[in-house]
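Given as structure tokens, the chain that follows is alone and in the form predicted alone.
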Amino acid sequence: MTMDHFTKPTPIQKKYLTPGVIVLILLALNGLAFLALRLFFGIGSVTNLNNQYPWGIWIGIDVAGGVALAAGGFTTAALGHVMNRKEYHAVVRPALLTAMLGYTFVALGVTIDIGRWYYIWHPIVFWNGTSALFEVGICVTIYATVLYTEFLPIVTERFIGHVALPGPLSRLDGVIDKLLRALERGLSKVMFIFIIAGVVLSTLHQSSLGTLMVIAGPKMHPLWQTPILPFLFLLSAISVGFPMVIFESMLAARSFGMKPEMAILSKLGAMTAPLLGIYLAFKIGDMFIRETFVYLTVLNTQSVMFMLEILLGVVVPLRMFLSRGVLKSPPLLFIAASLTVMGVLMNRINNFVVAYTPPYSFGSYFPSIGEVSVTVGFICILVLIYRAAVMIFPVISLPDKTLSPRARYTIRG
């Protein structure tokens, strides 16, 4: 029997500002400048969207791609808590933080993409139970609330016994500490409900995003338009969950000068292979049943993007995850995970942008500099907040340095 030993999750003690962080800050400020123009002067002031193409990369990447890539939160929660695989608890908190931030920026992406962004609250008040978009919106709203609730025990753990308000406010230290302890006791009794709810809600809106494109009908290219698109969206989200955890963990380890925990990440990579295999089987099987492979004989943007999505985003990483050499090699495992992440992101862009053609279009859509700047800015802000969060809160678990290097990873019993 093998078990990985880690210290208790602890805030990372590193300096925040580095040359790379400064670059991220500049890109974030550039995105915020274009975002300000969009909010004050309208969506047409910074985008190439029009009546024929009402949505673009803000929906394809920021929303649809963001929801899919935040799937690591519910897949690791299901593995670590629902299935009670304690050896994976070290990656649950980082995945939870990534999912929480991801869904926050998904909500922001939806907000800036609608024409009258100040009406974003309407779906919460004016319900439409027959709308697939309403189901996505309400599930994302509730799931984001669940994620923040799941993060609260990390907040209480950080500040219980360490409340130190400045000046006259210090009189409230004891009261706040008692409130935090009461909150911790209450959450410990009901947290299993939120964990299960999070897993269930994720399966609902991940698939409903596919439903949105099913009802687009002939506006979508046949290579992607299929009645099982909701199921394919769910399978792809599940398949990218563990690779996203690997991707995020390795980047965080590199950023903070730590060694990646290959003992855990290799196991996650091994579990990814069958998930990708199932997704690929349904994807190819659906194509042959509907005989849409004939569209691959026509050389155009759609056929090229479909082949890139399947080959680079599914077939190549699937083969890599089946290799023991890849699973033991940090660079190769990172490449396999990155290809999977890229493949699912490409799938969402293909479904929402490449495959979508309005019936009366008089041109084609290509994102503007403003659209790209806002998307890049959002990604940079997410990374900056993640870096700050792991320095403030006990999110990342470090290997137990009191053990020998060999015993640190494996204890035989």
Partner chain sequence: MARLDRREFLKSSLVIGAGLIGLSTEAQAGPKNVLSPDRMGVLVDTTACIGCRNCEWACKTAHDLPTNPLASYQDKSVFEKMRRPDDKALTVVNRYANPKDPDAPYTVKVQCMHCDHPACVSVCIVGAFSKQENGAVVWDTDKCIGCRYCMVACPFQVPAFEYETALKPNIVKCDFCAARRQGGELPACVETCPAEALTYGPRDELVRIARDRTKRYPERYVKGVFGEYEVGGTGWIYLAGVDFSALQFPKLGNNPAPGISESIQHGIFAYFVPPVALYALLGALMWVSKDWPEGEDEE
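Bear in mind the structure is a predicted one, so any value in this text is a computation, not a measurement. Residue numbers count along the first chain shown, from 1.
There is another form of the same protein, the form predicted in complex with the partner chain; it is not shown, and what comes next is about it.
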Legend entry - 4.5 angstroms heavy atom contact with the partner chain in the predicted bound form for M213: yes
Legend entry - Contact label in the predicted bound form: R116 to the partner chain, heavy atom within 4.5 Å: yes
Inset, instruction - Using a 4.5 Å heavy atom cut-off, state whether P359 contacts the partner chain in the predicted bound form. - result: yes
Inset, instruction - Although the partner chain is absent from this view, report whether W127 comes within 4.5 Å of it in the predicted bound form, heavy atoms only. - result: yes
Legend entry - the partner chain in the predicted bound form: contacting segment from 245-253, 222-230, 168-176, 263-271, heavy atom within 4.5 Å: 222-230
Inset, instruction - Quick one: from I278, L312, L187, M83, grab the residue that has a heavy atom within 4.5 Å of the partner chain in the predicted bound form. - result: M83
Legend entry - The single option of R290, R181, K328, H122 touching the partner chain in the predicted bound form, heavy atom within 4.5 Å: H122
Inset, instruction - Would you give me the residues of 127-150 that have any heavy atom within 4.5 Å of the partner chain in the predicted bound form, in order from first to last? - result: W127, N128, G129, T130, S131, A132, L133, F134, E135
